[in-house]
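What follows is one chain in structure tokens, specifically the form predicted alone.
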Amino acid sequence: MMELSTIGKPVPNFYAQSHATGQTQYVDDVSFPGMLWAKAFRSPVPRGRIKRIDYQKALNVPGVVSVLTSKDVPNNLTVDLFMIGVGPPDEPVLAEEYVNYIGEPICLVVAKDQYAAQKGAERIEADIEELEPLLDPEEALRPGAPIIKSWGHNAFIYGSGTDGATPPGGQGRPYFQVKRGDVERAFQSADHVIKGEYVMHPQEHAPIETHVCVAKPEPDGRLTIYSSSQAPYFVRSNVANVLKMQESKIRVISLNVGGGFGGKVDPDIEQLTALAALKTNRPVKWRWTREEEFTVSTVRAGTKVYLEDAVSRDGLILGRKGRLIHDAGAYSKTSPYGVIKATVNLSGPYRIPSAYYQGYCVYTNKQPSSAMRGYGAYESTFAVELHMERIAKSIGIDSWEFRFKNAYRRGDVSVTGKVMEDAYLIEVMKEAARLANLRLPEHLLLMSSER
């Protein structure tokens, strides 16, 4: 039998010794002579119109070098996924006319040290007319709700290209749609119809290392960014877009990441730190406080999933209807893409011949949501597996047997039309039962993913 070198054997962590001895270098260890620090003046209200900003008192604080506003940003309106055609751009780098969540950055104070920068931010005076906020995504979808997006709807418009406002030929929808088979016929022929509602609340990543960035202008006009980002190329593209620079003139160095879990994908801190470095022509560091990490960094989206299944008396799923509502918060970030992933996963690893799913990416006046571990699959898996338990209990069948009966087998076709060539759910369930010292009935042990 072939001896395996890695599988099934403990593998030492390559970085364990440097971590344990304090030799690992993080972004906060990076420093340069003459380096400045940045802090943000942020919105105190969830939704409002900016009538006046006065930062003169901030400039009078000893050590403050500059205060930057939206007028200093070459391309102030952006969207994280512009590189793959997601649009329209809906998020200002620095708020210009409106603020849409508590903590949204309005001004950036740059100073000789972080304490002067913080004191400067505290001295900024703002006259903001507070407007009625949208805090519930389902309320945001109801007729008569305040509209907070420029395209006239509180949901992302799918199928409209990158403009987001005028769907070509009326094809755009305020939801992502997945449809297969004749779902109405499946429900008409069902012996059981089981409904369920599943709620997941927002979740903060809480990395040990908060967001940190150092941006350094180089003598040849290039820009070097030291970042704790999980996605350096993503950062480079977005910074180039905001600063109207060639990507080839931007170098992003991702040092060791002290925890990310998806929360260090979005390029917000890098965009603003890079802007400050270019405007002052000096290196600039920005380290988020723990309070900023909790209140203004992205979170796993709050999600509500409604599922309704048509089931035969012998425990086969004939059809499923699904409606997923994803709270994107104030801006798109990566949410439109995450909703697509979540919606197509509403079948789980099960054969459901007829299905109709709608996934809504809804905007509210809360801190934006974005990627987190299992992004786009976690919320669907959570809802689907709870729903499978509910169905099994409702029709009086063992939940293991119910899953075995409906598991994908090789040759089955998924809800998106993909032929399953490598289905192994049945084998995985057998192994899970074995590890849990659970004795499955013999007829289940004889099943396989081969048809």
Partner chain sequence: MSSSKVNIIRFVLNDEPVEVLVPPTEILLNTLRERVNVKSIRYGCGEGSCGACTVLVDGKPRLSCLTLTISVDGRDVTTVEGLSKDGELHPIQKAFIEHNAAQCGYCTPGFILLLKALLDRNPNPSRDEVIDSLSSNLCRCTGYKNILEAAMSVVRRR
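Here the structure is a predicted model, which is why all the values come from computation and not from measurement. Positions refer to the first chain, counted from 1.
Not pictured, yet referred to below: the form predicted together with its partner chain.
- Residues with any non-hydrogen atom within 4.5 angstroms of its partner chain in the predicted bound form fall in just one of 353-361, 174-182, 206-214, 333-341: 206-214.
- Judged against its partner chain in the predicted bound form with a 4.5 angstroms heavy atom cut-off, the residues P12, T21 and W288 are in contact without exception.
- Contact check for Q114: a heavy atom falls within 4.5 Å of its partner chain in the predicted bound form.
- Taking the partner from the other structure, its partner chain in the predicted bound form has a heavy atom within 4.5 Å of a heavy atom of D28.
- When contacts are judged by a 4.5 Å heavy atom cut-off, G103 does not count as touching its partner chain in the predicted bound form.
- Taking the partner from elsewhere, Y408 is found to have every heavy atom lying beyond 4.5 Å of its partner chain in the predicted bound form.
- In summary, among the residues W400, W37, Y424, Y55, the only one with a non-hydrogen atom within 4.5 Å of its partner chain in the predicted bound form is W37.
- Note on contacts: among V257, L81, A231, I128, the single residue with a heavy atom within 4.5 Å of its partner chain in the predicted bound form is V257.
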